[in-house]
Every structure is written in structure tokens, then in C-alpha cells.
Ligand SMILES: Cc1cc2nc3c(=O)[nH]c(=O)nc-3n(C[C@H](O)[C@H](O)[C@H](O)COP(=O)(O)OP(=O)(O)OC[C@H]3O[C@@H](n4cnc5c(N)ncnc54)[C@H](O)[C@@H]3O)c2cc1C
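Have a look below at one chain only, the form predicted on its own, in C-alpha cells format.
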């Protein structure tokens, strides 16, 4: 299907882009892998597309002050190939390789994935497990949004209507930490029926800390904080971890569709959380 008619603008600065967003029907486009399919189905019909791809200085990966600073137009492919990412947060590179296919990874962006907040997207789970902030600019200036409260609901974030992500800042994996991303995907789309990222530190043979991000289960990516707390102090062994992760889908509006029932998704969440935590612990050793 063809999209409805729309105007197109390619600003050369963030301020120019923000001015164009005064049109209430305008939409930002970066890689386009989320918005364009919606437009073809006429589920989205913006009157104006504001292409931020020609704004200079938005494509980079830098390590600074214990974080990875990633520009809004940095593609999945750039993240996947970045030596900084492989050294500071290798799980981000691994999970990025799981996104779509080479064509998607060549144009899609991390910032776009977080802004779109697809409940089956891979990278929201990784961002939650690593932790960090999103830097957004709007007409009133720039502000930082903590990733722990960034995802509000299905396809909904804490971004205001006329804000643009300028940079994503993810924490570097702690010294001695291990991290892993486990995913069970829909084979045609490669979206996660369930995906779990775990970042684990050890003390002796026990888990000292765990941060976990889950995607594909509920209407948004989330951190199962009760599971994180249950894992603290537990031996990094199969039975102890299996018992601690049983509540990973508790209190979540687990989604069901033609690909997986709510019961199956909750089962996958338990299985993949156990696997991700054990793999992360093994890497931490």
C-alpha cells in the first residue's frame, strides 16, 4: 500500500528541526524502519516528515566519564562495529547484531529504537539492563531522561511531543561484570517474542548485583526489580537462579497474539532470564 501524501524537509540543525515540529502533524524520521511501514499501512499519516539525517554531528560513539555516548543518528551497524562498544559494553554489540537483518542495521538507529519503544524491540531491554539516560532537546532546552522511567507504555515514552533525542548515554559495564542477551525471536521479522538482557557482578561464587531488562512480554520493556533483588546473594548456580527468576512476569500485562500466548511468553521470560543470568555470571568469572 502507498502512504498518504506528505511534505518532506531535511533541516541542517536541531533548532531548524524543532521549528518544523511546530506543525502538529509533523513526524521525525531517522532510519525510517519503524515509521515508514506504519505509513505504508496508513496507520500513521504525518503531513510532514522531518528528516534529521542531514544534521551534522549526530553520528558517533564516544566513551567518556564511565558512559558510552551514542549520537542520535548512529546506526546499528556503527554500534555493532565500534571498538569502543566492544570494549565497554560488548553485550550492546551482541544484541545489536540480533536486530532485523543487515539492511535494517545499516540504516536503523539506537535512538530511533528507544523513541519508538516497540514492545518487542531488542535494544530497550539492553538499555534498561545497562542503565543510563537519554538526552532530549526541545523548545525549552535540553533535559536528561532516566532510562528506568523512559518507557511509559506501548509505543509511548517520556519524550514530550516536540522533543528530539540528541544522544543516548549508556553506562559502561562495571569492572568484573558479565552481561548476556538471550532472545527467542519470530523467525520472519526477528522481533523478540521474548528477549532478556542481564548484567551481573559476582562476589566469590555468589551474585552481588544483577540488572535485568525484559522485552517482548508486556506492553513495554521493563526491569523486574523483584527478581534483581531475589538474585542478590544467591549462588550463581542453576537451581538457585531458576528459583529466583520465577516472578519475572508477575504483575505484568503479558501480551498474547498469533505467535505466542500469554502463558507461553511468561514461560519464555522465566527460561530466558535464567539463561541470561547464568551466561552473564559465567562471563563475569
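Numbering follows the first chain given and starts at 1. Model, not experiment: these values are computed from the prediction.
Separately, the form predicted in complex with this ligand exists; it is not shown, and the next lines address it.
*Asks:* Only one of 145, 172, 202, 99 comes within 4.5 Å of this ligand in the predicted complex by heavy atoms, so just point that one out.
*Replies:* By the 4.5 Å criterion, the partner-contacting residue is 99.
*Asks:* Consider the chain as shown here, without its partner, and state which of 61, 252, 230, 29 has a heavy atom within 4.5 Å of this ligand in the predicted complex.
*Replies:* After the contact test, the surviving option is 29.
*Asks:* I need the one stretch from 205-213, 172-180, 78-86, 99-107 whose residues put non-hydrogen atoms within 4.5 angstroms of this ligand in the predicted complex.
*Replies:* Stretch with heavy atoms near the partner: 99-107.
*Asks:* 244, 272 and 279 - do all three of these have some heavy atom no more than 4.5 Å from this ligand in the predicted complex?
*Replies:* Not a single residue of the candidate spot has a heavy atom within 4.5 Å of this ligand in the predicted complex.
*Asks:* Within a 4.5 Å heavy atom cut-off, is residue 164 in contact with this ligand in the predicted complex?
*Replies:* Looking in the predicted complex, residue contacts with this ligand include residue 164, since a heavy atom lies within 4.5 Å.
*Asks:* Is the gap between residue 132 and this ligand in the predicted complex 4.5 Å or less for some heavy atom pair?
*Replies:* No - in the predicted complex, heavy atoms of residue 132 and this ligand never come within 4.5 Å of each other.
*Asks:* So, residue 69 and this ligand: in the predicted complex, are they within 4.5 Å at any heavy atom pair?
*Replies:* No, residue 69 sits far enough from this ligand in the predicted complex that none of its heavy atoms falls within 4.5 Å.
*Asks:* I'd like to check something about residue 184: if you look in the predicted complex, is any of its heavy atoms closer than or equal to 4.5 Å to a heavy atom of this ligand?
*Replies:* Residue 184: no contact with this ligand in the predicted complex.
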